[in-house]
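A lone chain, given as structure tokens: the form predicted on its own.
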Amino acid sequence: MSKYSILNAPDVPNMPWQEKPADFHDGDIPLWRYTENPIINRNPIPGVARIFNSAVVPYEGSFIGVFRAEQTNGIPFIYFGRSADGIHWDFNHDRIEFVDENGKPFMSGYEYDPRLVKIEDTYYAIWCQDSYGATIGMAKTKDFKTFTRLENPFLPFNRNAVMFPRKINDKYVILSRPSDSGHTPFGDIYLSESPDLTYWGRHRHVMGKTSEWWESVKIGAGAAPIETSEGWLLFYHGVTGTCNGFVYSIGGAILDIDNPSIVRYRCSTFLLTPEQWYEERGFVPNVCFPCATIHDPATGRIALYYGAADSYVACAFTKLDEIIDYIKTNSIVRTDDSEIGVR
């Protein structure tokens, strides 16, 4: 019988899945790679050199997604894709054309690192875009045919935003990382909330880098948090610096269910770090960047989608009980849990 449960999410019996490898040992980090990675390779469609750091969701018995597609001129935009099994993808050959609430075109100069989340009967895409500097863009859709732009939640500079999949205390809630205009050599995760998706406030610090080597430079929110009986399960990225540049790894934390600015558990070790050729070798080497999960409450299975070396999309798998137990067993203590006011 399962120790923990996934809450407020539909069953996904046909989710992508691969059992744990036979050579897996007790004590190993319970997140294993899909043996057929990468699931999206270079030059996937005409005019697009790379797809990576992208988000997927279950939809009407299959799967759909919004994808960071770097065009052959180097500019990233968001493309739409479909899949019957969550592994093999077909993409529209034209980028998503966003419109404003009057139906007029509303595009930015670039768009990258999208996330995708369903709240009630509406799907929301969140990404990084240009608005006098890098900041967060947002759009909504119900049919994946019309994507209507909403107000940008933040001023420049900001990156790595993802919404929670339901309202908390009757507010929309988002995680983000305030940054600067460059290849940000710093960054903490913050939480903000909104009553209407227009006005955002009550900003709270969630967590920052630590002395652990793998996340000693900066961190950023990853896949949309998964609501569980133990709290919000968050896969995020942690960054370290080496003599050959940054290295991006995947970490895990559990946030308080009612006040997710409180970190209940935070794993001291990475859950996945660049080791395979498609993670170590690419346009930007040594990157594992989490952006989405597919999860099934009936079985506790979780498929984690991540960008690899800014060149590919890859997938890894875990089970809810195992990943929560691992995070809790290897948790570092946060010293400011009681400081919930403005700081």
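Keep in mind that this is a model prediction, so the values were computed, not measured. Heads up: residue numbers just count along the shown sequence, starting at 1.
Form predicted together with beta-D-mannopyranose: not shown, discussed below.
When contacts are judged by a 4.5 Å heavy atom cut-off, residue 266 does not count as touching beta-D-mannopyranose in the predicted complex. Contact check for residue 318: every heavy atom lies farther than 4.5 Å from beta-D-mannopyranose in the predicted complex. For the chain shown alone, residue 113 is a contact residue for beta-D-mannopyranose in the predicted complex, at least one non-hydrogen atom being within 4.5 angstroms. Although the partner is absent from this view, residue 313 stays clear of beta-D-mannopyranose in the predicted complex, with no non-hydrogen atom inside 4.5 angstroms.
With beta-D-mannopyranose omitted here, the record of contacts in the predicted complex names 279 to 287 of 293 to 301, 24 to 32, 57 to 65, 279 to 287, defined by a heavy atom within 4.5 Å.
Along 141 to 178, a non-hydrogen atom within 4.5 Å of beta-D-mannopyranose in the predicted complex is carried only by 159.
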